[in-house]
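Taken one at a time, structure 1 and structure 2 that follow are two forms of one protein chain, written as structure tokens.
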Structure 1
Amino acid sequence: MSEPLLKVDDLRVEFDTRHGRVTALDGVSFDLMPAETLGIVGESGCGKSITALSLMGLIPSPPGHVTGGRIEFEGNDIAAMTKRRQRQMRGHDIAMIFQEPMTSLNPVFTIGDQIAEAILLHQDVSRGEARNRSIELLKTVGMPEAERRARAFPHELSGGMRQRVMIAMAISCRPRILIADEPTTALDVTVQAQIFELMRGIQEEFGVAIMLITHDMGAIAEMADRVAVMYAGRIIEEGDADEILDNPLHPYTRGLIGCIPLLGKEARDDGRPPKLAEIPGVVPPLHLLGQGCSFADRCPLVHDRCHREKPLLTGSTHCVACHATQMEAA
């Protein structure tokens, strides 16, 4: 097996809030292999976006603090690098696209300038050359009339087109890793499909590893090779996408999959689809997390130990952090 491109080990991030300091990421570890797509899935507030931002060194501070863990890119500890090298990595080696294409582009510069800026920052080319390349990139991401659109301002483009611009900017320096934080959540379904297809095409063409942050199991099925499921700041299950989707082990993952109104869950006797599975209650606020398993209060399989002790993520290819499942397996 090849070496992981990115190795994240025991990452901890804390935030200052009015309830005091809370733990937003509690020992998150995972590897990202070259040219694979790792899906990180979870509900809002589970820490999936914070994971992405901490890889980029973009946790807003204050109030955020990275308080522990190690991130290695191609075997080198990022924290040990100079600030300058860290900055060069952003955009050059690791690029990122965001959820809100509406607000993620600077409204006062043309999109051509914004893409060219990324090129000029990391590559030794002339302004004119950067311009031409940005037009090429716009063509690559399927922007019609790329020459003309390069002179457009973000507000003159639709959401889908803006997300294409974001992608063009992200791939401008041929990064090794592309982090996509809910890239299609703000878009209409037909446009979502186009963006996914574009990302798949880019992965095949450039061999980039994608980290896809999403709440959408459908996106996971279509895009991901491997999946990490997050809940309340921890990874609670990890494995191959098919394994997780077809044979989820953690009660939370099972619930999450069961409660999606999927197409094709058709027909009981009265012709209506069956009732959806429910996970009772809500995700606990971070400042109320106790010492036990954070899912214990909502879990159908809960027992005493769950309230006392945090389960660890164990397993070889399909890992899970749940006392009940682990005991069953043992």
Structure 2
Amino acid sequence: MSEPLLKVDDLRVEFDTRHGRVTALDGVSFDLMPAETLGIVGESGCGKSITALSLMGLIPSPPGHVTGGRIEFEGNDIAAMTKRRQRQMRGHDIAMIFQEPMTSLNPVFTIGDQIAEAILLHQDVSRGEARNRSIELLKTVGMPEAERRARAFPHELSGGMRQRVMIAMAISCRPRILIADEPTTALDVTVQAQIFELMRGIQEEFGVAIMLITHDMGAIAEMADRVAVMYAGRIIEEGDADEILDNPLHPYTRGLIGCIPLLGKEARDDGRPPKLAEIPGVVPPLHLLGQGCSFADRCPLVHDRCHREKPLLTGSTHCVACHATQMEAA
């Protein structure tokens, strides 16, 4: 077994709010192996993007504070690095595809100039060479008419093209880890499939490890080797993607899988299409989290212990944090 490329151990992040200091990440731990795809899945507000920003050293301070734990990249603690060293690491060692490319790309600079800027920041090359590399990167990510697109501005490209630009920027310095934060948001299913195929090709060509952040269990089934399910700032289930999809243990994971639309479902007795399953309620505000399980108010298996005691993540290869599941196993 090779050593983890990235090791997150008991990570805690807190934010100052008008309700006082609240915990956004509560003891998050996971490993990312070389050339592996790890899926981080959960609803909006579960802590997925905060986890990614923590890995990049981008938690805004104030109001955010990394108050505990370690984030080790090849044995070096990212949280303990100087700001200068973190800037050197971002883009060169760990790169990120942000959720909405239109808000990440500068509207007044051409696509080629923005990709070239990322190259110039981390590599000792001339501006002309950086611009030539930006065109080659656009070709690598399947951009049609790459030379012409390099002279275009972000608003002149479609959503799928802009996402390809973000991927080209992310791989411009051949990082060891690629964090993809909802990389197919607002894209139609055909373009989503193309983006996933592109990411798989990049992984095979460069050997990059991918951390895929998503709310879509269908994307997890398509891309992930392992998956960590997050809820209210904690990982509540973790294991091999196939195992979790075939045998989900946590009620929340079962709910996420149940929300996936499936073709071929039998119609109801009245002839209408089958109802799509849903998880009742919403993720609770962080300042209202109690001492017990944060999913208790939405859980169909809730009992008294769930409101009193926070469940611990237990297991070896397939881990779960759920009193009801652990009682069943006992």
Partner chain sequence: MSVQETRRAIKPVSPLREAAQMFCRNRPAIFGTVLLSLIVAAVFYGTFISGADPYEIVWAPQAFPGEAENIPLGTDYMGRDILTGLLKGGGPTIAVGLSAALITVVIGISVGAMAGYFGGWADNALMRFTEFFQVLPALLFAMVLVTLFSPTLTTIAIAIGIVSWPQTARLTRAEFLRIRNLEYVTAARAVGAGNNRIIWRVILPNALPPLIVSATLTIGVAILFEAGLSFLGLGDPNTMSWGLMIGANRSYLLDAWWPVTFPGLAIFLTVLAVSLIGDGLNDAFNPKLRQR
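Only the largest set of C-alpha atoms that superpose within 1.5 Å between the two forms is called the rigid core. Along the sequence of structure 1, residues get numbers from 1 upward. Keep in mind that this is a model prediction, so the values were computed, not measured.
Between the two isolated copies of the chain, the second is the form predicted on its own. Core-superposed comparison between structure 1 and structure 2: the C-alpha position of Leu288 differs by less than 2 Å.
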